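Encoded as structure tokens, the following chain is the form predicted alone, with no partner shown.
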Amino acid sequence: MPYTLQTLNYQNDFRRLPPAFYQSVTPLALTQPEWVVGSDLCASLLGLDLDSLQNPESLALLSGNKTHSQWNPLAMKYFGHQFGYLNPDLGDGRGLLLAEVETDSGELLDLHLKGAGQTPFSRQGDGRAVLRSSIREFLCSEAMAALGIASSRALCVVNSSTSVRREEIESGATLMRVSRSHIRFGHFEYAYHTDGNNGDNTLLNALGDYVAERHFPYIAKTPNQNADLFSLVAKKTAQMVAKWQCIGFAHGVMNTDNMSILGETFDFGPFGFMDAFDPGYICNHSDHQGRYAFDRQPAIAHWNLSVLAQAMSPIVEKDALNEGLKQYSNVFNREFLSGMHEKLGLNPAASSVDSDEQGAEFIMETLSLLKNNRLDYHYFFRVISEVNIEGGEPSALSSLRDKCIDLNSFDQWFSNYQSRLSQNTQDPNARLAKMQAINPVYILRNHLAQIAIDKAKHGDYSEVKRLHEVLKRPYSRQEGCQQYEALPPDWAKELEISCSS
């Protein structure tokens, strides 16, 4: 029998940590809560009946009008390096950890209400989220999960008649976020700087023990627990960022307080999936220096890990931290090259022409082709995953060629590609099937999200729901959904996304 929001098995596990890591806060109610959209796949993680969330009692809980008797809401305290500068004045400013849900399998999942009102860490903000940003996070969280990229999840969005001022007056909303953890690199920074003032490592040790016991029990209480913890964080972060680069995703605000300790995509704000390939793509128009541009993400993740290493230095030996940072680079390089080979349908292990060095050169050659010809990233890879080009140049590929500015560069690349495929021992049909399983038909392009948001602002949530349904199956072409795989219109280039929410 599925659970309801009222009958889930709740725990308050984060409160095992010292009180310095949090403050108790009661959610602030939204007026006239209204259901927008929910994720059946996220609900299934909790064993939850999604339809039950739309009843008045559940809507009251989801909008801060009521608090469950087993919830003990809190706002977390942490530090963070924001755009490269340490900010000690951080914490959950508009979201609350309500409780953890213990699933039937024994896993603990955080239930986090975003847009729940002011906390001690709101920094003069109103603590609210708006409908626009809540829809974007909902769609992207669930889209990332469907793409196979580690991510926090989104259970539902609730709108209201509460007015919130941003660049204009917008409606306040809440998003119920579900995650295996809300602990960030910034938690360790906070513990490090606070412990330094106290002259001991009480908070650092407590945090390291908690993360290991809850998320990596196989290393908990071992002699090398904290060193192994840093190594695991580095590895998982490398895997996550490699998948970002392969799928063409830019996070936009890779501050250390937005980096999950579990290597999961986290804190969605001014993110963007690239249209025309541009290595220097900046999705956040507030990022004037391009610190978090697409091609800088791997280096920024390494920089953030170095900050985490400093924070953990009192409880982990220097050599172990350096080894973890080295592992990040090795894992990222391996995962990225492997992922790009898979996108191209190449199997370097089975092909002498694709040695590590030559394979990397061809990937760079491919990306240069995309950049120089301003080709759409997702369109390019989907086209080459749907046509058998070993023996010729089908019409779909001809259409792709016609979109090039420099036809000679495409012809040269195509000839090189065919040569590499000729060395491939895979059956062509099997190769295409594998390529289609990792090169999506549908991606959350900014203009698609904007169309859904514009309708939602006028009370029509149908496009949000439909787009969510399409993105749940990104690799399979769906009947009547041609508009979701079409190239973006010209006006999409003018869209600007900022941190404001």
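In case it trips you up, residue 1 is the first one in the sequence shown, and so on. Since the structure is predicted, the reported quantities are computational estimates derived from the model, not experimental observations.
Form predicted together with a small molecule: not shown, discussed below.
Though the small molecule is absent from this view, in the predicted bound form it lies within 4.5 Å of a heavy atom of just one residue from R291, K326, K371, R123, which is R123.
Checked against the small molecule in the predicted bound form, the candidates K243, R94, R132, H182 yield a single residue with a heavy atom inside 4.5 Å, and that residue is R94. Stretch 123-131 is the contacting one of 293-301, 123-131, 360-368, 310-318, since its residues have non-hydrogen atoms within 4.5 Å of the small molecule in the predicted bound form. Taking non-hydrogen atoms only, E100 never approaches the small molecule to within 4.5 angstroms in the predicted bound form. Contact check for S385: every heavy atom lies farther than 4.5 Å from the small molecule in the predicted bound form. Contact check for E142: no non-hydrogen atom falls within 4.5 Å of the small molecule in the predicted bound form.
The closest heavy atom approach of L175 to the small molecule in the predicted bound form falls outside 4.5 Å.
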